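Presented below, as structure tokens, is a lone chain in the form predicted alone.
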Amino acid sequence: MARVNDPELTKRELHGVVAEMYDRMVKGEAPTMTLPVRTKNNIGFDKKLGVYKYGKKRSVRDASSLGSAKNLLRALHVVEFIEEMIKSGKSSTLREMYYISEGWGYGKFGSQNDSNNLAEDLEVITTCLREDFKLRPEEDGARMIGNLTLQEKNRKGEWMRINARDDVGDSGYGVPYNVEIEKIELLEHDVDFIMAIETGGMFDRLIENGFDEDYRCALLHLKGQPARSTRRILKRMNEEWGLPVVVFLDGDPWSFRIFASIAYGAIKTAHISEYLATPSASYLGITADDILAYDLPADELSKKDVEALNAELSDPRFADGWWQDQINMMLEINMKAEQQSLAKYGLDFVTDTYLPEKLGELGLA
């Protein structure tokens, strides 16, 4: 879904947050901030978008206690801080904003988590993205390699043309925190699909074995639970280039959730699922039946693993019959396996046998 950052629109939306508080105060009432309820119970499937979004339930924060009054004060400080950054063309990490709040008196944050949550709250209320606020995370984005050509605007405001195969080293192209159209333009490609990979070891194995060139694909390292910029660039390449996305993960409940966040969205970012989720993404493996079919080295499920799998059985993102079968099978065999377990059959097994067979099942090999 294409979108363009409009700084003036961002400021107007933020002013709406301030206006709600101001309008209440001029009436002699306690200021309030209204936002959607951000829980699992207020998330529903949007059939038009194919993703999970927040529903119509709303919560109201007011100044009825000292703690809640401080939260509203912090929101005003953050709005002012964001406006200053937009005006000056600067950006800040979420961590920097947390420390900057030390100068806000009663409005300073009690923890980094409080700071992060308020940034997310303002996204939810304004329907803007964190990138519009000039706020960036501490972590790096994904690594990507393959015959993809894009343009990235550098810090001097100049466009750089980059091919993610020919213009990079073995580590690939580093995806920046902001991948919106004002920062990244997707130019052209010569690949048939994109493979998103959970672990760095497997990403490096596929590069070393030349898998991207042999199978005409782009490889993207998710780095575990993928950053928002990672999910966003996957979404853009899928939508703008029409490229299929397949996801290659460990075989455990936590990796299943990584897939769900890529394909359908996550609770924390349900307000922007249409920009981050790729509903057509396919789960490649490792699956529960892979553990049996390939006789993979595996570990017993922990108590937390079992609890997570049982929770996934009632998660609407796993309502599909195939997912129900995979989750129940994993519970039945009481085993989980890592991507690297495929090395049991040698360093080339994953690229010569496993992935070709799995991609063949999806019609991509």
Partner chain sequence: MPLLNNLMQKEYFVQGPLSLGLWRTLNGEITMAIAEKMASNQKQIAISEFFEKNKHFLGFDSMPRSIITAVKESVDNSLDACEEARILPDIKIRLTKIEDKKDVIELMAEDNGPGIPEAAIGKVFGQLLFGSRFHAIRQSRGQQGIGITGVVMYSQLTTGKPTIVVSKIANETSAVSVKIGLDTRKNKAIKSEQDRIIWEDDDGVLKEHGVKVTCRMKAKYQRGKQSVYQYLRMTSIVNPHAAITFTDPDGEVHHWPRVTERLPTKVDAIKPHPHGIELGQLQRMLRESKESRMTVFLRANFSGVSMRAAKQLCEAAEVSEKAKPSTLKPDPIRNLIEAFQGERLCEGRIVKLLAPPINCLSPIEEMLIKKGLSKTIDSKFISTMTRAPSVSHGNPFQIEVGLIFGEGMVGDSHVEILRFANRVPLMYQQGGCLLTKAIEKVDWRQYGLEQAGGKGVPKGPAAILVHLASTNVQFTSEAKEALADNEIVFEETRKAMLEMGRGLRKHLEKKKKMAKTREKFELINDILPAIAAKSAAILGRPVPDLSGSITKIMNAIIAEEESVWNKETKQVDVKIIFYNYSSRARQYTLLTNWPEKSGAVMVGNERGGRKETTGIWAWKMETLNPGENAMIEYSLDGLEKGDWTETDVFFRGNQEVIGATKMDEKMLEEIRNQEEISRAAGIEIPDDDIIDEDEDTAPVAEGDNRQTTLFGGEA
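Numbering follows the first chain given and starts at 1. What you are looking at is a predicted structure, and each value in this text was computed from that prediction instead of being measured. Here, rigid core means the biggest group of C-alpha atoms that superpose within 1.5 Å across both forms.
Another form, the form predicted together with the partner chain, is not on view; read the next lines as being about it.
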| Counting only heavy atoms and a 4.5 Å cutoff, which of 45-53, 334-342, 29-37, 294-302 contacts the partner chain in the model of the complex? | 29-37
| Partner proximity in the model of the complex: F349 to the partner chain, non-hydrogen atom cutoff 4.5 Å | no
| said: Would you classify E83 as touching the partner chain in the model of the complex, given a 4.5 Å non-hydrogen atom cut-off? | reply: yes
| query | For A119, is any heavy atom within 4.5 Å of the partner chain in the model of the complex, or not? | reply | no
| request: Answer yes if any heavy atom of K70 is within 4.5 Å of a heavy atom of the partner chain in the model of the complex; otherwise answer no. | output: yes
| query | Considering R165, K223, H77, R236, which brings a non-hydrogen atom within 4.5 Å of the partner chain in the model of the complex? | reply | H77
| query | Going through 14-36 from first to last, which residues have a non-hydrogen atom within 4.5 Å of the partner chain in the model of the complex? | reply | H15, V18, A19, M21, Y22, D23, M25, V26, G28, E29, A30, P31
| C-alpha of A19 moved at least 2 Å between the shown form and the other one on rigid core | yes
| query | Is it true that L331 shifts between the shown form and the other one by 2 Å or more at the Cα, once the core is aligned? | reply | no
| Large Cα shift (2 Å or above) at S64 between the shown form and the other one, core-fitted | yes
